[in-house]
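What follows is one chain in structure tokens, specifically the form predicted alone.
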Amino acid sequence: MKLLEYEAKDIFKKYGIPVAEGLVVKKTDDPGINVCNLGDEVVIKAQVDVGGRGKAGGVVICSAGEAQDRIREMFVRDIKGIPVETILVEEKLPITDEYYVSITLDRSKKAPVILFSAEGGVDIEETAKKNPDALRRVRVSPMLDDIPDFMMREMLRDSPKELSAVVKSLYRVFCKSDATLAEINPLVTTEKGVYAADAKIIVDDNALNRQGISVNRDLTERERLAEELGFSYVELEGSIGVIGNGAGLTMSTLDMIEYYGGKAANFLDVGGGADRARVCSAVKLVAGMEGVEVIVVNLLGGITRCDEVAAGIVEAGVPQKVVVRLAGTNEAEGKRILSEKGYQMLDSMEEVVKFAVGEVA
């Protein structure tokens, strides 16, 4: 789950990473808030979970006297379709240089990797594309609690040595927060010292309870419902709904849909031993997604009974065409139930996928 900037900066402060003086304003707060103690100029930042918020008007620099008006204006607008409910107002830092640093997971090496560039700022992605050498990479053994000094020297090179302490603290944030990403862009130098001018932390969804987070804000309502029902579920952008049992089988179905030129709308693994109620809930969940035109149900009956699967599909009674491949325990009975209700059944995953892709072509 992605933390908002002010939430990430609160964590940064606990680990000794300097951030600008600021205050958080909620939409329900008194609009007459006084920001004069932050200096003559302030930066007003919409706290929305989108990339490129600055270019979209979500970051405004103004005088302290204008701040109240700018805050009111920001609260009545959307940033890339997301309404602004919270704003962070900060002092404007006298920036001399900008840098980029982030820590994420290199899954292929099973280790954290630190990315650093002496060219930080809003266009870091373009910098990485045009000049890959500008982005330095250092992998750290997950057995280490700290970044060795020789690695810091290799990464920072001619950059100010004061950055070292911030990068080391960011690594501690990454580890202690169960993060999959901890990022500062830009990390800035000023006459007053080094500051994290922005902050991003993404917490591993599997560690939310350990981090004291009770609600995953990144989930859609349907994803939250799927979580409550115990489904492994991911929303995608296609028009072919997918229900399988077992992650491997479900992923194979998605891959085959892509191979034959279709686009899957979701990944849903009902798990082993699914009964009719569970299958019914899964079919209704997928059918409720906007843009789903056809649903592929691809299940192998081991501990899952095909007659229970069939009964669940029929009970769901969704308006979309449901094309089914069942094989395994009580297969004949499952096929009989579906056949009597006019459902399309095919004998192989390939046939089912080809049919579904043809329906939306």
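Note that residue numbering begins at 1 and tracks the sequence as displayed. Owing to the predicted nature of the structure, the values given are computational and were not obtained by experimental measurement.
Form predicted in complex with ligand GDP: not shown, discussed below.
Using a 4.5 Å cut-off to ligand GDP in the predicted complex, not one of 27, 73 and 78 places a heavy atom inside that distance. Residue 92 is the only one of 284, 263, 172, 92 with a heavy atom lying within 4.5 Å of ligand GDP in the predicted complex. This chain is displayed alone, yet in the predicted complex one of 325, 305, 53, 335 has a heavy atom within 4.5 Å of ligand GDP; that residue is 53. Contact check for residue 269: no non-hydrogen atom falls within 4.5 Å of ligand GDP in the predicted complex.
In the predicted complex, ligand GDP stays beyond 4.5 Å of every heavy atom belonging to residue 194. With a 4.5 Å cutoff on heavy atoms, residue 61 counts as touching ligand GDP in the predicted complex.
Though the partner is left out of this view, residue 246 does not reach within 4.5 Å of ligand GDP in the predicted complex, counting heavy atoms only.
Considering ligand GDP in the predicted complex, the lone stretch of 253 to 261, 185 to 193, 164 to 172, 101 to 109 in range is 185 to 193 [heavy atom distance within 4.5 Å]. The partner is not shown here, and in the predicted complex the stretch 248 to 274 never reaches within 4.5 angstroms of ligand GDP through any heavy atom.
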